[in-house]
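First, one chain by itself in structure tokens, the form predicted alone.
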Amino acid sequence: MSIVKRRFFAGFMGQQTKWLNSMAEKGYRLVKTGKLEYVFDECEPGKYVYTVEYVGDRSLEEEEKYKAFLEDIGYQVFYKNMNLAYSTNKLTFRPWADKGGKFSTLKTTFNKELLIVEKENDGKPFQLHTEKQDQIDYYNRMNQPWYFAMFMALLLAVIYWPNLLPTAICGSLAVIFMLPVIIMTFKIRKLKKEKELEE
């Protein structure tokens, strides 16, 4: 077996999930992750499938419990970062997070915002959240950081209002941050309608 290293950065988890599954289809199984680097080992093509889960709103204790739960039911789980910052003293404030996850450091959840989850391919779609309400709650949690980023960009646009260039940059960022919010809001509405029909 040979080890293959690839570099990949995707702003959205869906892109990362698709890319990991395309690598698995080609016969590469994930064995290690880094900031930008993914290390693969050769395997039977299509033997494994992947999904990516956002856990950046949880405390370290909750993240570790959830990771252990997934491993106990037979999944392979890797932590992955959402940012590309290189530093030894990182502190991130996440106002949208649960109580224990509001402050993130290198010793807690910094660079552990995502879980990459692997299972053997059984031909069924790989979903960690199968109940409609669980999916609604998950997308609501995922929306919080984008709402916050959009609000901050709009606030900065207002603060810089007389200055055209910073206002344009901040306004453009607000629009970019709005896109995931819109996508997830439509998913939430669709799931709520499906849930109502089931009841």
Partner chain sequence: MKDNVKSGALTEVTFFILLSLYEPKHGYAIMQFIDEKTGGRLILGAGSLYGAINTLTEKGWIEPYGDSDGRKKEYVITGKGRQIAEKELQRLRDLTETAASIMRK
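The structure presented is a predicted model; accordingly, all values stated were derived computationally and were not measured. Residue numbers count along the first chain shown, from 1.
The form predicted in complex with its partner chain is left out here; the points below concern that form.
Taking F148, Y54, Y160, Y66 one by one, only a single residue has any non-hydrogen atom within 4.5 Å of its partner chain in the model of the complex, and it is Y66. In the model of the complex, its partner chain lies farther than 4.5 Å from every heavy atom of E37.
Taking non-hydrogen atoms only, E44 never approaches its partner chain to within 4.5 angstroms in the model of the complex. Heavy atoms of F103 never reach within 4.5 Å of its partner chain in the model of the complex, leaving it off the interface. Its partner chain in the model of the complex is not approached by V77, whose heavy atoms all lie more than 4.5 angstroms from it. Contact with its partner chain in the model of the complex, defined as any heavy atom within 4.5 Å, is confined among 44-52, 129-137, 28-36, 150-158 to 129-137. Scanning 48-80 for heavy atoms within 4.5 Å of its partner chain in the model of the complex gives R58, E62, K65, Y66, F69, L70, D72, I73, Y75 in sequence order.
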